[in-house]
Ligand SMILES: Cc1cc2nc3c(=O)[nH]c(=O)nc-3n(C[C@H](O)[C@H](O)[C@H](O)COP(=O)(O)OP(=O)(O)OC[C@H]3O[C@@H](n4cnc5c(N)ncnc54)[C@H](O)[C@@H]3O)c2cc1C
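To begin, one chain is listed below as structure tokens, in the form predicted alone.
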Amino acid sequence: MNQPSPSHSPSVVVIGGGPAGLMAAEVLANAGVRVELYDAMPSLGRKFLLAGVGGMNITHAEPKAAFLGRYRERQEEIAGLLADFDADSLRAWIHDLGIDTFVGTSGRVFPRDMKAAPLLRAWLKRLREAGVRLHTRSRWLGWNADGSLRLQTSAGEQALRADACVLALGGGSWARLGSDGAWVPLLEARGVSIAPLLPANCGFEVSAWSALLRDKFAGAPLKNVTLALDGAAPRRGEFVLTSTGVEGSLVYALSAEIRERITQSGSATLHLDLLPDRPLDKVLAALHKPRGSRSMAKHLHGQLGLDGVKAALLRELASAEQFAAPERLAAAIKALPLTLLRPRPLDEAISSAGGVPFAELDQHLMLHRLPGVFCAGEMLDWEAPTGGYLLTACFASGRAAGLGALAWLEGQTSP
């Protein structure tokens, strides 16, 4: 990057028009920096908008310690980012845009109208009024030999010079929305170590479902169940059967642990409790009741309310011997083994793990190997479950990168 002289207003190029890039641009523009923001897609914030389909979950209202715990082994680094811009700060920032928010029964925070588009429109309007120049259909190609930035635009390739650069290019999921991981080899060519991009908040595959289960129940939700990996406490929620395995919020909440278990052991076995509100002895007592001439399916429905996809999955995964013995069947209902073999492809995942390790960055998110180049958002090596945690850290890291760029610019122009 160029070294600005005290006599001119510094300029910064931001690459990436998602929440992290837009937040970095806002911080810089508010400080009087000339900001040019580029994004490869025809419009900005595409993944942000898609994430808002069905309800824009912007952050979460749970206590800070629990909130930080969602970032697992990266909670220390994320805590540093959230120290100055936490969930409450994010809500206040949204309110300042004229968008009201509310806390749902699960603790998740939503805009009052549940939509992402009004928030994005208000934000882009504010950025334009602050002087940020927004460019779409402009793909970053790396650096030229003279250190200038290479951009492929609708008018052809351009070489851009700036005093600093913020990279907020997303991870590797949902390539059709711009997060394609194409930046990985560009940074690796400059000597930056990159942790492999892996699917996070993703579905997983089983060996194979029977044709009956696949054809009749793919897409069906299993509600009010718990899942647990060996040695871990069960989590309650719901998930969905797919034609190849399972997906959904409860699976996403465990996806990091499931993925790591598969990496270590070749598979991950979860224990599914189909009736978490009924203790084992009550389930067994119900199964011991005479069923007379009724079929087992009708007995399970009448005594335990087990039917539909829950009964079908029990039939799929429990053996004939288990169905013949009430004690064994009760144990299966309370801890049905579900073995997962592999995650679904990265491009299908809601988010990705891996990226630029924090060890490659200073405390301001500047790359050690590339002074004046800052990284933010999902391209950093962290992950979090859905529930507002992803977006909160993206906003906070964008703000931190913007502030870091300001500090670096000030240091370059100081006598």
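Numbering starts at 1 and runs along the sequence shown. The structure presented is a predicted model; accordingly, all values stated were derived computationally and were not measured.
Form predicted in complex with this ligand: not shown, discussed below.
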Problem set entry | Stretch from 61-69, 384-392, 25-33, 361-369 whose residues place a heavy atom within 4.5 Å of this ligand in the predicted bound form | 384-392
For this session: Counting non-hydrogen atoms within 4.5 angstroms of this ligand in the predicted bound form, say which of 97, 275, 256, 177 makes the cut.
Result: 177
For this session: Classify residue 350 as contacting or not contacting this ligand in the predicted bound form by the rule of any non-hydrogen atom within 4.5 angstroms, answering yes or no.
Result: yes
For this session: Mark residue 373 yes when one of its heavy atoms lies within 4.5 Å of a heavy atom of this ligand in the predicted bound form, and no otherwise.
Result: no
For this session: Flag residue 51 as yes or no: does it have a non-hydrogen atom within 4.5 angstroms of any non-hydrogen atom of this ligand in the predicted bound form?
Result: yes
Exercise. Would residue 334 count as touching this ligand in the predicted bound form under a 4.5 Å heavy atom rule?
Worked result: no
Problem set entry | this ligand in the predicted bound form - contacting residues of 131-145, heavy atom within 4.5 Å | 138, 139, 140
